[in-house]
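The structure tokens that follow cover one protein chain in two forms, given apart as structure 1 and structure 2.
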Structure 1
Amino acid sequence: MSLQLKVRLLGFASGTPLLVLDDTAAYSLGVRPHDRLLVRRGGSEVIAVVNVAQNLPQDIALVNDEVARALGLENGDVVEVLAVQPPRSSRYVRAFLSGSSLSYEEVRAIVEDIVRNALDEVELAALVTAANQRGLSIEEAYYFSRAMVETGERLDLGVSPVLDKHSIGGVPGDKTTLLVVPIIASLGYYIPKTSSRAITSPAGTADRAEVLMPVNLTLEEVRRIVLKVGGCIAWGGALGLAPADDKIIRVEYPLAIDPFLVPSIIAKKAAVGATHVVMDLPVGRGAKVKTLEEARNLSRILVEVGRRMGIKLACVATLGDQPVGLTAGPALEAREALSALLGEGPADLVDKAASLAGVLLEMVGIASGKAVALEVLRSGKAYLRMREIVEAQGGDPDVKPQDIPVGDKRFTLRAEREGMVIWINNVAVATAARLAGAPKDKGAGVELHVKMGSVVKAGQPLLTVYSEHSAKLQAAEEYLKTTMAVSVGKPEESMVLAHLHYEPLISLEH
């Protein structure tokens, strides 16, 4: 049975297609809340999750932005709706949850149904939870990588080699991509860098790059720009590459787990046609990967799945105990990246960018890759190529670091004692920057005045928070007053991070 219903637009996006029915209409279709409906108009259709309301006109369907975009709907349009049975892939998810391994055909069915929204968020959460509890085998990681690529758009540059760089993230201030892309492109190689926006960090690469130039490019625009100037930095969310991955990430985020890390990375690299990829694995107590042994284990899986997807991949463990450079937040980081390209950047940022670019260059036969990358930076060739990339993407190639505005509301945290900086808390720096408004407010963020090992005097500035709004600055200030963002101690006390309050145990008398 189907119904013809008039559409009213809800005017919001929820991440998944949603349709609201009156309870009488839902009863006649035999559906309950969270069931699925097939919604048709003309030759287009979309599967939507059902919500049920009372006292809604029986001939009305409320639809969110995802349904409206999929079918090109406006208020008053008529759609046909009918109930659909749970997809076959839901059985595969239940079997996976029970401990069964997945074949490629089963993975492909799951991924196809994720893309067309046939699996609801409960089933998707079950898939993600099961993968987190039992882990993906190398075969399953490869199957998901392959299926994610095959069910999305692909970039075909028609050239080889195609180079790429990726970081698993977790360290604030990591703006190395803004250096690596122009370094590689200035040497005549192609590097179509698709990047994410921030989820939990003060800025994703797309947020940083957007300060300098538009990043919401189409696949054809990416192709044209890369073939013209060698590289680009585009927001991957606008390109339709491996779309199942974006839907999986939406479920992973609130659960604070990342079991699809490997297929997520490999699928995105394969979708842009990358032949050689350098993978940055930050290691440290403030990073996602805590030890070198964890990094080695992850590296083995990444390299093998990459090989099966036709990608030559090299992993590099980098220091992740403190932020990269001195800034965290879109505008502050864009400033710092431009300064580095002009020869005035922090030593750790320059070293990391040159090291990663150097590995990529050595992968394609360039000897002494890091030295070559450093020379490209020193000579100004990378800066000139970045100007060309910015201009090709519609930005101002003449922009200078000091031209980029940052928040005018500021708070400076100062050292309470003389000593040496023995710890910088990545989480605290990121949280303070986000409370100040980053990444949505481009001018918000944190600027460090010290690094680990710096010797400071009492009253010396440790960091400054920038914000565009007084209330947000106050929230960041109050947070920093209750959290140790920068730990200062005497060298002989450096093994002690803090004295923690505790209550003595009460002995029990028998």
Structure 2
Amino acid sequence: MSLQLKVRLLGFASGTPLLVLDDTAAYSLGVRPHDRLLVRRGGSEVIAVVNVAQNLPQDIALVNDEVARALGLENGDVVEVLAVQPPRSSRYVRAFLSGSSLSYEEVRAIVEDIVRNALDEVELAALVTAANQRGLSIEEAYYFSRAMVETGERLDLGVSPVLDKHSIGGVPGDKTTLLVVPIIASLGYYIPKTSSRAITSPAGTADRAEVLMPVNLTLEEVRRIVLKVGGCIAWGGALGLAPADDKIIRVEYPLAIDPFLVPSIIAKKAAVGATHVVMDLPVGRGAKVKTLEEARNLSRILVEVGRRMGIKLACVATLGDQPVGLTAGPALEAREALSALLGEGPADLVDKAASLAGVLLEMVGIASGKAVALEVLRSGKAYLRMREIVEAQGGDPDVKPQDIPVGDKRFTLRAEREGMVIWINNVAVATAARLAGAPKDKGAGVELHVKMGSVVKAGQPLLTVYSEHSAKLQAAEEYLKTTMAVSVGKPEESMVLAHLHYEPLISLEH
């Protein structure tokens, strides 16, 4: 049951070795889409996932770069193809679909096959969907965390403790990390922070930091920089830490579910060797976690899975009802973070950063952690350390907030009536910033002039959109005209809102 097929190169890499053949050839081989073929030439072979086309010559196989590279193929080369059984992990995925729990060995096989692209996207989508329907057990979450770490690169600093901070995200404008890292590093601790780029938000931490310094570091550069200046802010995407995670997210994203959230977070932290982690869970209407109850449940699982992985973890629920600080968008946020390090930050941002840093410091034995954090901010010690980090990563340490360019096309949204700001719509702020060009256009974004609880008069500016292009500014402006981004209530309604003001953080499950 094998065929000799003439190769045509597709000319692109797509992650998984892929072979497209005609319907009739597939029928001869007894394979269907998503089955596997062994593709052979000379002494080399590779397993490819089958795609079926309806209109190819029967003796032609289209192959992507993964197949071509594995076998050194050029157009016109002849390969032998034959059907093979799906990998062991396909069976484990099927068992999971039919209700079985997964053992560590099974999880390990699945994760290995995800990493080497032996599980195809239909199987991966089924795994993710079934995990979403059933929920992962604590054991399974631990097994996935462990297997994800073990199948990827790891950072070994050779020191202890190693501190880290993570936010599950969902709130625009959250540049807290740009303060926490220099605060912690300025106190002599190691914090090798890796961050993501924006997926659906106007800026990820890597996008913000990139305004100040290069963030595409290698693992070796991360190691060298952190050992030298105590901290870094690197883009995690190219470091190869827990690579299965990235592939799982690729399938979770279009389905808008994230059943692997816990292993995904814990694995990334374990892969950098973190021993103490503070985890920010923003809670609020526009955030990922809607209620404190949800945050408590998630916290319990994170702490327990972290414990099994040897990580001491503290979860902190923070107010996620409005953006953090006053800005959303890479350059605007980099400006605001730098201002905060220079003593000019908005109260909520400074409080949040000092609180999270404080929890982390207390975890390693520093009393009054928040006060200590506020002091290194006030004294300029954290700013000086940030200069060293920026310089070590190859940025300009002398850059001032006002030096950072922002978009010169602007639109200001104004209050239609007098009243109190009762809600700021995170999704609307994020969408307006993205329409204006963020995160790709670094200078695009939104600056808020008010926060929840602000009292405004009719005509007073609520927010300004910045863009580098008139057409994008216009798209954001049109969007804001049909969306309630900032809700202004009557003054007499304001009473009930008191408890929504910024409050001390609620710490969960140390």
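Here, a residue number simply tells you its place in the sequence of structure 1, counted from 1. By rigid core we mean the largest C-alpha set that fits within 1.5 Å across both forms. Note that this is a predicted model, so its numbers are computed, not measured.
**Student:** Looking at both copies of this chain, which one is the form predicted on its own?
**Tutor:** The chain shown as structure 1 is the form predicted on its own.
**Student:** Since the chain moves as two rigid parts, how big is the smaller part's turn between structure 1 and structure 2, in degrees?
**Tutor:** The rotation of the smaller rigid part against the larger one between structure 1 and structure 2 is 24 degrees.
**Student:** Check the Cα of I60 between structure 1 and structure 2 on a core superposition and give its shift in Å.
**Tutor:** Reported C-alpha shift between structure 1 and structure 2: 8.5 Å at I60.
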